[in-house]
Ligand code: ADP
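Listed next as structure tokens is one chain, alone, in the form predicted alone.
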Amino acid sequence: MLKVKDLSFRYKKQNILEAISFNVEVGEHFSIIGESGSGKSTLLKLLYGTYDLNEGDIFWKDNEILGPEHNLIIGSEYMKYVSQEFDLMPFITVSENIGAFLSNFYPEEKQERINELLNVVELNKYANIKVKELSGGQKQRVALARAIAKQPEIILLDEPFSHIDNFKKQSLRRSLFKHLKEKNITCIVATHDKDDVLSYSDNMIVLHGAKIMASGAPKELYNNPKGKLIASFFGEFNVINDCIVYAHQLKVVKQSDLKGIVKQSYYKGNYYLIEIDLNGNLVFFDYDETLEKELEICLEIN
């Protein structure tokens, strides 16, 4: 497993990460979430050995992960890291990029592997297109395929779908994460997108103020959010009587102590997000149709 114990990292005098500890099992999908600047990307780079730790230890199985003070070349054969800068070879084709580090001694097996990965990242039609002609989202998909080409034991993904449009994002997530599970590749994802987490992660941590604010399975943190930051990651929420209540947990009733005035209805596809004024506070709830402005309604917490 990956073992992180009492990891701390400072940039000049600023604490970026402090006393970070967690374990990730072989084959596990593990997510790191937090606000911009919370240290998500820095933590991935420390796991890869890009920086030297100020304090703490990182082990993958029996191998200690050390920074550039101890290694001429950062990274290890058993680990791959996909950053938000793709580092591809622009003047060769998609297939050539994906197969760049695969052995040429077995050309048939190499081509089979390239074809398999083209399917995973849904780029079959672009196999013979030079990378320089691709969009940013397509380049990100090539980078993902190349990183898993040699089936690393562990892969680190920094906002892996940030450049990919919504037309492809959902199916790509399913395809990529299914492939990693089937190959038993440990996956650690730094993300701001709950859709990278809810359906796929086994466990997650929340970074805030240089420390781990919360950890656990996504379902556990979703159902019992420890603070507004965690609730905001998962969706629209309210604070009512000092309790965090998601928008979908409120329903309209004929009579209750929670009386408010409708201010706005936002169309969300299969439902409307209704905004009401509840004693001077804005509260949001999900409803199956639009409501007239200034209508008085009563709410109840499910």
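Quantities reported herein were computed from a predicted structural model and do not represent experimental measurements. We number the residues from 1 along the sequence you see.
Heads up, the form predicted together with the named molecule isn't pictured, but that's what we're talking about next.
For the chain shown alone, residue 39 is a contact residue for the named molecule in the predicted complex, at least one non-hydrogen atom being within 4.5 angstroms.
Contact annotation: residue 16 falls within 4.5 Å of the named molecule in the predicted complex, judged by heavy atom distances. When the named molecule is considered in the predicted complex, residue 51 lines it closely, a heavy atom lying within 4.5 Å.
Taking the partner from elsewhere, residue 236 is found to have every heavy atom lying beyond 4.5 Å of the named molecule in the predicted complex. Residues of just one listed stretch (264-272, 65-73, 249-257, 39-47) have heavy atoms within 4.5 Å of the named molecule in the predicted complex: 39-47. Taking a 4.5 Å heavy atom cutoff to the named molecule in the predicted complex, the contacting residues in 1-21 are 11, 12, 16.
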